[in-house]
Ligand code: BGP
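Only one chain is shown below, in structure tokens, and it's the form predicted on its own.
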């Protein structure tokens, strides 16, 4: 049976990327070093095929043609980030005027093409000079971030109305300070929690400054990578394991961002294991009074967990996995390239939860996408025939549509990503774009999914 899926008027159709992942020009026009520029310089072998962020997708030089392509494939909105180390090379101090010119030109170009800029302030790329004094572990860096945010609001707030404090703020804490996967490659749960907490304080302070700046019709939010957490069974031990995983990976940032308070269950658990962060008396009121206006939801896959099979080694570093094991559901569908489960209903479960437990906050899908390795396998007549990506988007959108029909306050859908871009560690291993990028020539070619996305946007929906 054929069904039409129409979305609300004014729905945001677009995509998302970030400064470090597409701009390139990492050593040009006065840009300072970020931690990823530095890490690549020190250990290029850690990055897939030895490809670093120095060129990326060369958006810095090609933004005009790229923004025209965005328009061509139906974008009415696009999220990217400002590179803190491009705008303020040392993280504090002098502003780089060439960066001001670039971002202002880029924003104007988007607006001229009918694309609303969604601007994010931080996408993992800490200025190196601030990392040297401890990064997010240091409250001085929190203050430096607030000053940077204020600078951005003053410079670009006349044009940009949609602002975001962080993309996936849990990621630097977890990947950089807990699992040792990203720079600074530390494994220390207590330090990871301090980084996460200071990030929450930084967000609240930036929102306070945003309110004081009074950008007309402006909104400020955060982009969170959320996971529906499913227990293996209804057995109390499995259910408890899922609740703890949810506390760590969802509620840690969701509760303070939307409800203005830290989860008491999480605080109690951290206290029990002597993991509570250093706080200041005034933080509680600050977080309470400076909640987000809008929430971006990044959804790729669920987490499935079960009770521990074995007690953790008491001499090992404490980790979230002390409290649960991951569970591989028999028969699950996988994106083999990425090693991720494909479970479209998860997006619906998240949106319903936001409606039921988080005051039906205004939200949008800020990332969702399918990374595929060796995509040139699907090249036919000069175009990548990525029907798998069209199917992936379509099946997720059906669940988004159902959530909207049931009253969820969802305003848009942004795919990750517009064009193939560089990824932290993975470089160009998995391609996500609606537009392919030839790394040797930087030639852009619209994929089959790009043409389909144009129809999706023009029709404000699809028929299936």
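Positions refer to the first chain, counted from 1. Because the structure is predicted, anything quoted here is derived from the model rather than measured.
This next part talks about the form predicted together with the ligand, which is not shown.
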item	value
All of 21, 367 and 416 with a heavy atom within 4.5 Å of the ligand in the model of the complex	yes
In the model of the complex, segment of 258-266, 304-312, 382-390, 117-125 with a heavy atom within 4.5 Å of the ligand	117-125
Answer option from 399, 424, 38, 63, heavy atom within 4.5 Å of the ligand in the model of the complex	424
The ligand: the contacting residue among 179, 326, 322, 340 in the model of the complex [heavy atom, 4.5 Å]	340
Partner contact for residue 300 in the model of the complex: the ligand, 4.5 angstroms, heavy atom	yes
Heavy atom of residue 168 within 4.5 Å of the ligand in the model of the complex	yes
Distance check, residue 59 to the ligand in the model of the complex, heavy atom within 4.5 Å	no
Neighbours of the ligand in the model of the complex among 428-456 [non-hydrogen atom within 4.5 angstroms]	432
